[in-house]
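Read the single chain below, which is given as structure tokens and is the form predicted on its own.
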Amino acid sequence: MRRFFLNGIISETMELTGTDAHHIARVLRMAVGDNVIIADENERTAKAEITAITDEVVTLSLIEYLEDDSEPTVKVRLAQCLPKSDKMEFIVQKAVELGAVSIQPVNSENCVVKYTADKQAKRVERWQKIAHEAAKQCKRAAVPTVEPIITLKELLSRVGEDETVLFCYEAEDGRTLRQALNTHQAEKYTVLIGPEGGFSPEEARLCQEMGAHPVSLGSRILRTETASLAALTMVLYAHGELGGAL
């Protein structure tokens, strides 16, 4: 059954507008009487029936609320330093599928790509659309947010007291990610991944000075797009979200 995300909360009567309405009417060619799954801003899901349909507005009637455990109990944010080419699109899509609650693009010293303010906004809009479609596909109860691009220092200065930052660093040889998870169990994590050129020594010192925990992902050097998905998988698996538990 097709899934759509509601701007608001589930009620007896609801409306889908914009691209969702057009997709239902013109692409899927659904009709009055067809059923869909709705997920709302409170991460609740329900089955609903289409009661009226146009290219601009699809009206829905609530049938029943549904049990939904697709959202992880541990909140993991991916802080990804900007990679080259269209790798960020792949990273966003797969991070959403794995269970990241948000994606924070980061501009660090060795990032090759340099966006103007206008280009940044367009890129983030594009990445958010990819996150939206990925959330539909994998039946998430919420669409992870792709945040505006910020600097590494801005990221570190905004970390909450209840949040653990795992700083994946290729030069770290004293502590693995698994060891860090055993030592620093939390309900919120930020997984920080560098760009193709990695982090500079100055950035590595800044991360540690501002409370981030440097961790190793193993003896092999991973591409940035591999490292981000490997680290997310490890953290979520360790907390029982991908079939495992600490």
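These figures come from a predicted structure and were not determined experimentally. When you see a residue number, it is the position in the sequence shown, counting from 1.
What comes next is about the form predicted in complex with S-adenosyl-L-homocysteine, which is not displayed.
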Segment assignment from 40-48, 179-187, 22-30, 209-217: heavy atom within 4.5 Å of S-adenosyl-L-homocysteine in the predicted complex: 209-217
Contact label in the predicted complex: residue 169 to S-adenosyl-L-homocysteine, heavy atom within 4.5 Å: yes
S-adenosyl-L-homocysteine contact at residue 221 in the predicted complex, heavy atom, 4.5 Å: yes
Contact test in the predicted complex: residue 192 vs S-adenosyl-L-homocysteine, heavy atoms, 4.5 Å: yes
Residue 196: touches S-adenosyl-L-homocysteine in the predicted complex, heavy atom cutoff 4.5 angstroms: yes
